[in-house]
Ligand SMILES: NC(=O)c1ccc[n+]([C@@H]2O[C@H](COP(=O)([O-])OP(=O)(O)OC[C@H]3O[C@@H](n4cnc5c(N)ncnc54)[C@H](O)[C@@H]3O)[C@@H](O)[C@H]2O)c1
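Consider the single chain below, provided in structure tokens and representing the form predicted on its own.
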Amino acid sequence: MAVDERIEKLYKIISDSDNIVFFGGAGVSTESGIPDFRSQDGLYMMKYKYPPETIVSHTFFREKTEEFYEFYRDKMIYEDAKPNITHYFLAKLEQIGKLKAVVTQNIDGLHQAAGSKNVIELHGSTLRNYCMSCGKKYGLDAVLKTSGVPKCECGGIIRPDVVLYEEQLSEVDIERAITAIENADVLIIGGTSLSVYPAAGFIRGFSGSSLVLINKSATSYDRNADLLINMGLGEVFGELDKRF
């Protein structure tokens, strides 16, 4: 099927449904200048004293907190990043009553910045931080505009409200994501290699009419897709945005 035919088919799928869920990964935000982890130019390919997946683990945070924050401030926070066409298009679909939820593995808050309301952040958000001792909530500045290990006024360590390696996802977010996917007629998966578990496993509960997979590279789930588009999300949604 030619590219134009695939986009036309996706247009029809979206037009015919008012019960769509979008499940997205790092590829949603790469066009906003936020690098992913696993691509050729991703964080995993860069050279650090420790592997990035080790640095953003619970153990490393606990044992080498200052080094964690050095990496976190440098490579995990993108204060100036703006939503791109994918974020805005999904927000538009929600506003016109077609998209019921965005389930994201990203921690950048760009879906909300674009106007999406029902966003399920499986891995948390860099925009939220809290004191590990008293629970007081902090914004981004508490981490970004400090050096070393950020401390609460009570003396406790402030940590990002993100899910690190070795940590469990929120039970509430898991339930919300699974319920949204199971109840959807159309599931659009975009910008993810589907290699991060347990999040990637949630899509197995989908039993609706159309499973759409949009990703530049192949995934282990390609054979399950009713519509497979190996293109960048911005290119696909940029074309569709003109029609809605």
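Remember, predicted model here, so these are calculated numbers, not experimental data. All residue numbers refer to positions in the sequence shown, first residue = 1.
Absent from the display: the form predicted together with the named molecule. The rest refers to it.
Undergrad: Of I107, A114, L93, V119, which one comes within 4.5 Å of the named molecule in the predicted complex, counting heavy atoms only?
TA: Residue within 4.5 Å of the partner: I107.
Undergrad: For the chain shown here without its partner, which stretch in 173 to 181, 58 to 66, 214 to 222, 201 to 209 has non-hydrogen atoms within 4.5 angstroms of the named molecule in the predicted complex?
TA: Contact-bearing stretch, as computed: 214 to 222.
Undergrad: Although the named molecule is absent from this view, report whether P51 comes within 4.5 Å of it in the predicted complex, heavy atoms only.
TA: The answer is no: P51 has no heavy atom within 4.5 Å of the named molecule.
Undergrad: With the cut-off set at 4.5 Å between non-hydrogen atoms, does Y165 touch the named molecule in the predicted complex?
TA: Yes.
Undergrad: Heavy atom to heavy atom, is M231 within 4.5 Å of the named molecule in the predicted complex?
TA: Because a heavy atom of M231 falls inside 4.5 Å of the named molecule in the predicted complex, the answer is yes.
Undergrad: Taking the named molecule as it sits in the predicted complex, is E70 in contact with it (heavy atom to heavy atom, 4.5 Å or less)?
TA: E70 lies outside the contact set for the named molecule.
Undergrad: Looking at the named molecule in the predicted complex, which residues in 109 to 124 have at least one heavy atom within 4.5 Å of it?
TA: Heavy-atom contacts to the named molecule in the predicted complex: only H123.
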